[in-house]
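Just one chain is shown here, as structure tokens, and it is the form predicted on its own.
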Amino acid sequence: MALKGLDIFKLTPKKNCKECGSPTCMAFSMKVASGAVSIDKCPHMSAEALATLSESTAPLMKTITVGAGSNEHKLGGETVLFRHEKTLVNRNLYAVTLCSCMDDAEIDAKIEQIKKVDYERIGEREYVEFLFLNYAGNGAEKYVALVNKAMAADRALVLNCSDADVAKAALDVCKAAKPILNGANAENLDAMNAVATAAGVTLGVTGEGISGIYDNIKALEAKGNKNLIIDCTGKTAKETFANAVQVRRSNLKDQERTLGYPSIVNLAAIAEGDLHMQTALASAFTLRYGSIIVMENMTYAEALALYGLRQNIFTDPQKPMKVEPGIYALNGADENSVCSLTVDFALTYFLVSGEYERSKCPVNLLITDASGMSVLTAWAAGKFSAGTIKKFFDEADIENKIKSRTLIIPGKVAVMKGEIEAKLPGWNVVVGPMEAVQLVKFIKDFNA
């Protein structure tokens, strides 16, 4: 149970200390309880009091760091159940399975397919973050060979292996990459814990239902291991979903710290052979509550849908999604192609660029900084004006990069036409249509 400000105050030395970031200890205690300041900011706190309070004032769900280098990822750390309550912290990540039962050609082909799903959307790299390596019980040599191939693919790893000896052999070649060792259960708890602890890696733990998961985590915590991740995968999609929801609600709503860890859901196991079903289930677990979502494969089509959904869920609702200002050459546009201007609000960009791409006509789409606002909102707020457009043209060096002197502006801000022409002498400013859906006909007629 999380402590309240009054509980913390009772354990806090009664001193008026500005080092605490607050003029009184009571105010400091309230700040600690709300998460605004760390308890160790008080220089008068005894080691015993710090030990008592640190655990109680920490977030209910632990933040677990896995992987190394460019493949390091943070999981968990959430403080609320729903996005509308507060911004979610660490987005869920996707994994694709490989198996020691596969031959080398099949493994290589699958890794090459995974590498094709790697693109940027609204300033974020979208790709398959994990390889989920299944051990098929065919010997440590086969599994170690699979691990070596997977390491060359430059992705974070999940070793899905419940054989402690085989897991140890695999970790001997990849522990520096800080993989997740997934496979601890009631039967192998001690052996798997020893292997994971010795290698310094996160241990994935499962059990029979919520009660089994709880008991196994409790046993591992009693051994001093709190570097854990919960494998919520059940026998069916319904059971898996129930496990994931109950784990998260028990932790964040009922304040049960024993279940305060990120989760794995293995959709490749519960919908084997049906990629469409796995994609549908992945969308559900992107919402509720898979930290790592495992699928048999990931094609570009599945990635576009899932990663777009993930960005919508794990974006701060107070901070609009923006694209980078600059010149976006569409349909093979060059320096002589007509220019079209709009704002950096992500939704506006995707609507406008999508319609221009559908037209097949070459266009240089110019994206100006409008603080992530839509066209009319930015215009009303003074973020999209002749002055800001002139500043953007100067900073982006548009005059020297583009020879065309035709600029299409959104129809909703037609009133700006004269002001823009005054700021940009030599440019022919054309008022475009009111809605993005009209752009296809407009640009085709314009070029005719």
Partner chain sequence: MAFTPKKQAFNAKINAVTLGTGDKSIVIGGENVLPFYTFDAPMANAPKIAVEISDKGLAGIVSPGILDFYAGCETVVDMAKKAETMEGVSAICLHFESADPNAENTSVEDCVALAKAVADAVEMPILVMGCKNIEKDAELFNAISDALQGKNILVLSAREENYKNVGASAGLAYNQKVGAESAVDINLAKQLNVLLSQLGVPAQSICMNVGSSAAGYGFEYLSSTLDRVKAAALAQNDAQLQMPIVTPISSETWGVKESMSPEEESPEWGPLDERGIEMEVCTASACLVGGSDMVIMKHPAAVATIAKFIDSLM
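Quick caveat, the model's predicted, so the values are computed rather than measured. Positions refer to the first chain, counted from 1. Definition used throughout: the rigid core is the maximal C-alpha set that superposes within 1.5 Å between two forms.
Another form exists, predicted together with the partner chain; not displayed. Remarks below refer to it.
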Mind checking whether each of Gln113, Asp165 and Tyr261 has a heavy atom within 4.5 Å of the partner chain in the predicted complex? no
Check whether Tyr214 has any heavy atom within 4.5 Å of a heavy atom of the partner chain in the predicted complex, and answer yes or no. yes
Would you please decide whether Phe130 lies within 4.5 angstroms of the partner chain in the predicted complex, comparing each non-hydrogen atom pair? no
Taking 4.5 angstroms as the cut-off for heavy atoms, does Thr279 touch the partner chain in the predicted complex? yes
Is Lys360 close to the partner chain in the predicted complex, meaning a heavy atom pair under 4.5 Å apart or at it? yes
Which single stretch, out of 133-141, 172-180, 99-107, 237-245, brings residue heavy atoms within 4.5 Å of the partner chain in the predicted complex? 237-245
Contact with the partner chain in the predicted complex, heavy atom within 4.5 Å, among Ile210, Ala191, Val89, Met151 goes to Ile210
Would you kindly say which of Ala269, Val80, Ala145, Ile313 lies with a heavy atom within 4.5 Å of the partner chain in the predicted complex? Ile313
Determine the residues of 245-267 with a heavy atom within 4.5 Å of the partner chain in the predicted complex and present them in sequence order; the list may be empty. Val245, Gln246, Arg249, Ser250, Lys253, Asp254, Glu256, Leu259
For Tyr328, is the C-alpha shift between the shown form and the other one 2 Å or more after core superposition? yes
Rigid core superposed: Arg358 CA moves 2 Å or more between the shown form and the other one: yes
